[in-house]
Structure formats: C-alpha cells, structure tokens
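Let's start with one chain on its own, the form predicted on its own, as structure tokens.
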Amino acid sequence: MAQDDKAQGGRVAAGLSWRQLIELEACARCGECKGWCPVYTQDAREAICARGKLDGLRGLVRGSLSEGERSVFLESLYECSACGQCHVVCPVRIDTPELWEQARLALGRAGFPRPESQTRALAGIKRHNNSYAKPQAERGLWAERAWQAGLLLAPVRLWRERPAPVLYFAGCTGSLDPAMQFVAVLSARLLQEAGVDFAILGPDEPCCASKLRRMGDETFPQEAAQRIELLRGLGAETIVASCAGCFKGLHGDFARLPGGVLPVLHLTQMLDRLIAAGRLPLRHAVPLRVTYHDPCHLGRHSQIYEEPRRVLAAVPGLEFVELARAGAFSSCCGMGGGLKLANEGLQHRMGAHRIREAEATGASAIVTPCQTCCIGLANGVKETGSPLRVMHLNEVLARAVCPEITPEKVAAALAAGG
C-alpha cells in the first residue's frame, strides 16, 4: 500500500514543474495566507487555506498521507477559487493559482477523482463548445435580436461576412446567458457609439476553454491550440473580450502556449482608450454613489486595476468610493476556479461577505466589469437581502452615453425575440 502511495505521489510530482516542487518546500508555514483567504474566512479549516493545501500536496507527492488526510486534501484543493490572494500576501511569493491548477491537472492524470459536478461541467464544455449546453447556432442571436429591437445603431456583422480591424469576443456567458446577454449588447452599442469598426464570430465563436485550465482538464493544451490557430488565422488587429475569464484565457493562458501571444484587450481597456481619445462622449450625468469590485482574473491575475477606475472617474455625476479591500487585496466573490461547482453554498457565503464589505462604504451600487462576478455578487445580495444594486460597468457607461438602453430593456427584447 505504501509503495502504491509513493508511486502515485511520484506520478503527481511528475506533473509539476521543478519550480513548483521547490515551492512546496518553500512554504514558511507562517500562516499569513489564512488571514486573507476569502474561502478560509467563510470556512475556517486549516486544510482549505494555502498553507494547508501546500502541506497536503507535499504529503501526497511524498506518499506520506493517510487515506483520511488524502480525502481532506482532495476536497480542499477543489474548494478554492484560485483567486490568487494567497500569492499576493505570501512572503516567499509562491505562485499558488498556477500551482493549484497544475496540481489539479497532475492529480487527474495520476487517477485521482475530481468533484463529479466539475467532471460533468468539463464534459459539457467539450461536447457543446460552451458552458450552457446550447447549440452554437445561438451564439450570435443576441446581436441579431438587439438590432431588430432597435437597441443598436447598426447591425453587428459576422466576421465570415466581412472581417474588421477589431474582433469582439462576447464569450459563452455574454452570448448565451439570458441574464447576462445585456453585457454583449451594451458592449456592441458602446463600440458603435465610439465609431469602432468591429465584427463578431457569432456561431463560429468557440468557448475560450479557460475553464478547462481552471479545473485541471488534461485536454486544455489541445483545445487551446485549436483556438489559437483559429484566432491567429483571422488576422484581427485587436481582439476585445468583455469577459474577465475569457480575457485571462486569451491573454494569459494562451500566451504560455506555442504561438499563443494574441493582440487581446479587455473591453475596459478599450473603453478607457476611447474615452481618453474623446471618441466616446459621456453626455448624461449618472447621480450614483458606487464602489468597485476588482475581478480576480482582471486584477490580481492580469494587473488591470487603473483602467476601470479611470472609466468610472470619467462618468459625470458619479461618486466613487473605494472598498476597504481593493486592488491586489480585493476579496473574491467565489465564482472562479470551479468552486461554485464544487461547493455552491460556500460561493454564496463568499458573495454575501463581499456585499457586506460593499455596504460598509455607503455606496448604493457595486460595479464590476465581469459578468461572472455580477452573478456571484447577485448571489450575495440574495443571501443577505441587501438593497445594494449589482451593476456591470457597461450599464454605468450606457447610462452616461445612451440611457435609453437598460439591461432590463435588453433582456425583455431578447426574450421576446426568442
């Protein structure tokens, strides 16, 4: 039995880089990560904080864990949003998000099980090419129906009809989630208001596959290589993604693969540049007191902190107040890394915690440029019964540019068309 454990641990070790094996030994056991971890804040188990997971992984690699300790470690590894807060505060700067994702991959290859909910989700993404098990033909319907409903200044053309300098990558959630399709519609409308020549892939747009990486699916390199070949072949000058998760996938994950450096911007970066160039006039005052939630994939993982704050600062009439935990120290809402699939109740508690932090600012709304965070924070509002409004950054900008277009109006129009 012991020899089997050591052999299995050796297979896990073989799936980690030399640097990651050194990082397992580098943990100073100081426990600084515990005080900052948004998961540990809601579920104070040693195994769930970074120090505990590092201890468990180290023991697994050595083949020294008991069966009970191994079960505890496996559960804790997947009850983590890989938000990266532990990396920021770690005195020896262990790259924990990358380590957790690579460990999940190595464990899968070594034959260890992952949560059944994640297994089903990964199979669904690969089967349907999206996270919603919907036909690819529906991916571009948001644009067609928004034009028919008079929500856009012009039809959004498909790339296959005529390429453009800019490719707008709407992503699975913006394309297919009825509650979040307003993000794609408002993205298109704002780009049109600024006179940007863009097109979409519509039914040809693939899932970015980043969730495969987040949950440690071994097919990620092959799936990503297909997307890289497709996107590079388009020859777009700029790819604009409105989803923080898609942005990390296209900009960060792909860049680590052969040929994967793509000209990708997050929509917030594009809007910031358009406003600075005077191409997106903010004509209407937005008399709200708001605070801002940094998405982990945009903030800690991609270092985009200033652009969204500059966009908010440009909105006339808007009063901005910073959260106590912001920027690199922003609390995670719990939506990343497959955590919601592994433990939905834990995500709700994390979302609720973030909402209470936002309430303490006295703001009437919490704004984020990530539709996945919008969903996670909305779960927090339901948990707490908070009167706080969760707003996507696009919604705030639309109030300043084209206030006649609201998320509610978009949702009603798209529902009527479908």
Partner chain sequence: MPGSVAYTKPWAVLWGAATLALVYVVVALALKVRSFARGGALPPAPRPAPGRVAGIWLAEVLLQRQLLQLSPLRWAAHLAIAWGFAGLALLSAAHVALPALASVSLDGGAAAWLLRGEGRAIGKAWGNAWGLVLAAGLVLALLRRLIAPPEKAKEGQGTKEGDLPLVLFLLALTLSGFALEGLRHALEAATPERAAALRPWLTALWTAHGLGGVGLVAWLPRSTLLHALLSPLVIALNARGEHPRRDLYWPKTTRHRAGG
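Everything numeric in this text was worked out from a predicted model, so none of it was measured. Numbering follows the first chain given and starts at 1.
As for the form predicted together with its partner chain, it is not shown, yet the points below apply to it.
By the 4.5 Å heavy atom rule, the three marked residues 201, 237 and 381 all fail to count as contacting its partner chain in the predicted complex. Exactly one of the stretches 317-325, 133-141, 108-116, 181-189 approaches its partner chain in the predicted complex with heavy atoms within 4.5 Å, and it is 317-325. The closest non-hydrogen atom of residue 94 lies within 4.5 Å of its partner chain in the predicted complex.
For residue 51, a non-hydrogen atom is located within 4.5 Å of its partner chain in the predicted complex, even though that partner is not displayed.
Its partner chain is not shown here, but in the predicted complex it comes within 4.5 Å of a heavy atom of residue 252. The closest non-hydrogen atom of residue 395 lies beyond 4.5 Å of its partner chain in the predicted complex. If you take 62-92 and check each residue for a heavy atom within 4.5 Å of its partner chain in the predicted complex, you get 62, 87, 88, 89, 90, 91, 92, in sequence order.
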